[in-house]
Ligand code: GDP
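Next up: just one chain, as structure tokens, the form predicted alone.
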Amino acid sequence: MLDNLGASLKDAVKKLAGKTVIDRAAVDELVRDLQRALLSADVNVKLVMQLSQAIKQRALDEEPPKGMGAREHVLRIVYQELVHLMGTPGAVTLGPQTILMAGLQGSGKTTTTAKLARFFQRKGLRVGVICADTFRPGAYDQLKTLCDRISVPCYGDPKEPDALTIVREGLPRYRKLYEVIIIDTQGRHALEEHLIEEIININEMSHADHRWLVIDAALGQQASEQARRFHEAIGIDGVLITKMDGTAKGGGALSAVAETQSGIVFIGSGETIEDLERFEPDGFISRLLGMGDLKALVERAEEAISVEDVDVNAMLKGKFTLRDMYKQLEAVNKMGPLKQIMSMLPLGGMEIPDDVYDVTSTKMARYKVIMDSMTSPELDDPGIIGSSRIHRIARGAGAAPEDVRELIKYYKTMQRALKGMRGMGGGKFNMQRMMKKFGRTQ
């Protein structure tokens, strides 16, 4: 969803950037392109029409701020209106709290509970999880296995059929030991009255500080009915949307939730326990438009890697030698999938080939062997590596010349991509400059 919607939005932005005159016809064309992109992502038609009208009216009626050209002014409006469409994010506090997790069966609630525990753990808080899902066979075993991987305790009893009994016994134990307690409740195939009644009772017993709803992005606009029913029952104050990386309906889930009284708190965008992102509307839209999200990137880097691992500033500036590349790739891998990391860099619409992201541990090991066969000058300046050197390196590493060429090509692609964050060559339309004028503090 993010790839398709992001590509469509960036295409619309680039088309406008190439216009010599920004008149009513140019604005109308931009609005049509945006409508197609958003409707394809299953965003609610009514919201798309409201967005279109707001963009068109502001683009034609508002005067650009001093020092800002017409193109940048219109794109600034697009950015601001898309952020407004996403709604206000739900509040996340880093302190003692009890969180009640709600959702239908199959929404990814149990996995998301473990991801959430990992999020608070990374923030330095002591976390405990209670499994109150007594309906789904294996729910406790699944949650405990996930929690064991990150050394988070999980309380539950697979032999106890009453969820209230588990919560009643688990809460007093955990409140003495842990700052954040997350209660995973049971789901159903539909919004059954028994499910609602049980979660109301658990909410009253636990005195939960937050009641968060887990929604599968594949539900699209149907998510609004889920959010409304749960909100009426227990007062949902935050929504977590899962599986955003694998559906075309993610825009529907996002916009549907934005219409409710509950803000989005997190987005799940991958299968590993690290793949849970704090939802920030401005950063989310910025990444879709190819302007990156440096704030999120820096936060993730600070949590995942140390100063000894890599010079983050050098990485962001694209200033690194082949000698540094392997060390930096290892560090980047700790931060999460490379594709997510690259999406946080403001590349200004620069397209990165998919094979750049395909850096498996096997490939990294092969690259390391090849680099061990290079001389110091070659590691410092890959530009001197010609055909004869490639064959010598390949013989020394027991690799094919094509493997050496692949490594050098990968290095050059990464270098160009990372340098892209400094703007697209200082041309007439510079995404970096526009970002600054938006007033975003990264």
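Worth saying up front: this structure is predicted, and the values here are computed from it rather than measured. In this text, residue numbers run from 1 along the sequence as written.
The form predicted in complex with this ligand is left out here; the points below concern that form.
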| query | finding |
| --- | --- |
| Contact flag, R211 vs this ligand in the model of the complex, heavy atom cut 4.5 Å | no |
| Partner proximity in the model of the complex: G220 to this ligand, non-hydrogen atom cutoff 4.5 Å | no |
| Exercise: T134 in contact with this ligand in the model of the complex, heavy atom 4.5 Å | no |
| E271 within 4.5 Å of this ligand in the model of the complex, heavy atoms | yes |
| Sole residue of G95, G138, P161, G106 within 4.5 Å of this ligand in the model of the complex, by heavy atom | G106 |
| Interface residue in the model of the complex among S286, T242, S206, S262, criterion: non-hydrogen atom within 4.5 angstroms of this ligand | T242 |
| Proximity to this ligand in the model of the complex (heavy atom, within 4.5 Å), stretch among 170-178, 249-257, 81-89, 107-115 | 107-115 |
| Stretch 142-176 - residues with a heavy atom within 4.5 Å of this ligand in the model of the complex | Q142 |
